[in-house]
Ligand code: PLP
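Starting off, we have a lone chain in the form predicted alone, written out as structure tokens.
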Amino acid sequence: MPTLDIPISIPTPSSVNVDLDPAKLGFGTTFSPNWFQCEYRNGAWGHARVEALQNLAMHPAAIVLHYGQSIFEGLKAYRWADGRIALFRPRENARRFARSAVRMAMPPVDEEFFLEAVRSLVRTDAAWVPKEPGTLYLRPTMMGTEPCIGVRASHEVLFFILALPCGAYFKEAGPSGAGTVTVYVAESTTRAAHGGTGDVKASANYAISLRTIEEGKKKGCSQVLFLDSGGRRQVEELGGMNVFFVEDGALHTPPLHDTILPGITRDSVIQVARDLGIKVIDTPINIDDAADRMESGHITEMIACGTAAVVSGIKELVFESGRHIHIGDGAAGPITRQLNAELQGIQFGRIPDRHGWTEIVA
């Protein structure tokens, strides 16, 4: 692995030229001034560095542009009340990134190399980590850059990391994300099929969902719920988030398989729920049965979870067929609020970390 070439100077707060008030920050459009990048050529990683963010220069025949050979991750840096900055479960992101790379025929990044790359960028742009409830969202990415018009894996790749200071992912869910959103149920399109790439973070998985997400937005929905590709109408996941249902005080969630991404937040929610004495049940969930149980009041809460939004409630399902299902009274339920408070309490250092999930960036 290469030695990281980290700049000696680190931006000071005076170098921040945007308002980092979390209430004013959107998600995904503000970038810190630096990025990490490293190229892989001739069977080896090259010069790794953190440097000023700049546009990519890429041959128009780059394999990523024609055949979609690209993966990414998402994790966050959190500013604690005492000023320290922490990462949340970054090793899990490193491991999933390596697994995604192998699936997409790219060289996996060594776990420690991945972690030091993330730490180096966060140290350099530490001034860009907003105060709570804001975060610095980190986007490690890898893509095939070799110019070649031919369906094969690229022999050259670029590994880079962007940093984005951000506020709430769902503005309608409030600053902590513990509010509620409306979700569109896709009934004619799916995001993944068995044997595909549904269980890794391949960029193509998200490209498939874009048209359906736009259709949902036209109906006033913030997210899309996808069902299985086999026509059984089994719940799988949202467009970038996992999903839970609350019934009789227990959490129910679809079991992981090769068409559902093993979300790090999903795993954290399950462990936090068990810490709190909440029963968790992995079970197939038919969307029509679930809708009926919502209408009868047996399912009292529905929860979306992911790195960007953490834990948010779902107040309504809007089916492609036109059916509308309201969940509870439209507000986040008690279990949703409890899980959100517990998980964000750990992430922001307000609650003891029982699992060793947080890592302070020196």
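What you are looking at is a predicted structure, and each value in this text was computed from that prediction instead of being measured. Don't overthink the numbering: it's just position in the shown sequence, from 1.
What follows is about the form predicted in complex with the ligand, which we do not show.
- Against the ligand in the model of the complex, the set Y206, N242 and G306 is in full contact: each member has a heavy atom within 4.5 Å.
- The stretch among 276 to 284, 114 to 122, 198 to 206, 99 to 107 whose residues place heavy atoms within 4.5 Å of the ligand in the model of the complex is 198 to 206.
- Checked against the ligand in the model of the complex, the residues A192, L238, A163, A173 give one hit for a heavy atom within 4.5 Å, which is L238.
- With the partner omitted here, the residue from T253, S154, T265, T182 that has a non-hydrogen atom within 4.5 angstroms of the ligand in the model of the complex is T265.
- Among heavy atoms of V272, none comes within 4.5 Å of the ligand in the model of the complex.
- A residue is said to contact a partner when one of its heavy atoms sits within 4.5 Å of a partner heavy atom; L261 meets this definition for the ligand in the model of the complex.
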